[in-house]
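One chain comes next, on its own, written as structure tokens: the form predicted on its own.
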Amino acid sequence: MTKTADGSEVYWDGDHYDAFNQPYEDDLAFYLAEARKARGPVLELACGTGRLTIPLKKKGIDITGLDYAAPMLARARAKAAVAGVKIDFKAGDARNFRLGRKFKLIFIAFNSMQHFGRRPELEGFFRSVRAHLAPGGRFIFDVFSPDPRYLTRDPEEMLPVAYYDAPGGGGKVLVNETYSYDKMAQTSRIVWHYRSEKTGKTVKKSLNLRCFFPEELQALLHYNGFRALRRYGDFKRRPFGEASMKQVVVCAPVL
């Protein structure tokens, strides 16, 4: 069973992960535009199965991917081989990594920064990012914007979140979700229930996401040596506001 540092288990299988998330590509055009604007090497942290890394490389971006979960990296390398691109996928912990080179753009997408819940983890993460940014480089991340109405969901309520073809055949997989909010840890604790329609068996996997409220996030950047250059509410670059579901932040280190 593969976990992240916060105990999340949903990265247990790269094939299932891709099948679950296959329709999602809302962020690709945004990160491609930012990578082109960087005019230099790019590092994707928590690159997973290469959902963004591979298409960016196919567009001519000099990109490196780093991830913690072995099943995700195995899937990424296999997909890159099929796509006919060579990408340096590295196994590593985004909270403390040393790659021996610098990048014009570093980004962490798809809410992955929300796996870092404690202050020392976040300090190590920001410190590692700063150490790998080239002069004039940018750091970009996206996270949810917490909605208090969602945080008060009934923990017994089970809602469907995905329905997909099982990798390698074997019928459909229905994924239901239960959710509870840990006020002390400021963390959403989610369990995904993967039910095979063919066998009737259910596999449960955890997903823990630290919630970053907008002003808290600004303070975290400030006290870790970054400033927000732009803050968007979605990947279409609409300004961040009260109705925004996302916080998409373009940052630079404070010199």
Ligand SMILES: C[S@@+](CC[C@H](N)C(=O)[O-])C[C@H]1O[C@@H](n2cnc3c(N)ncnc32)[C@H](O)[C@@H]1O
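Everything quoted here is computed from the prediction, not taken from an experiment. Note that residue numbering follows the sequence shown and begins at 1.
What comes next is about the form predicted in complex with the named molecule, which is not displayed.
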(request) Answer with one of Y181, F126, F89, F110: the residue that has a non-hydrogen atom within 4.5 Å of the named molecule in the model of the complex. (result) F110
(message) The chain here is shown without the named molecule. Which stretch in 197-205, 47-55, 211-219, 224-232 comes within 4.5 angstroms of it in the model of the complex, by heavy atom distance?
(response) 47-55
(message) in the model of the complex, does each of A35, T64 and K102 have a heavy atom within 4.5 Å of the named molecule?
(response) no
(request) Although the named molecule is absent from this view, report whether M72 comes within 4.5 Å of it in the model of the complex, heavy atoms only. (result) yes
(request) Spell out, yes or no, whether the shortest heavy atom distance between A94 and the named molecule in the model of the complex is within 4.5 Å. (result) yes
(message) Does any part of F30 reach within 4.5 Å of the named molecule in the model of the complex? Heavy atoms only, please.
(response) no
(request) Examine F116 and determine whether its closest non-hydrogen atom to the named molecule in the model of the complex is within 4.5 angstroms. (result) yes
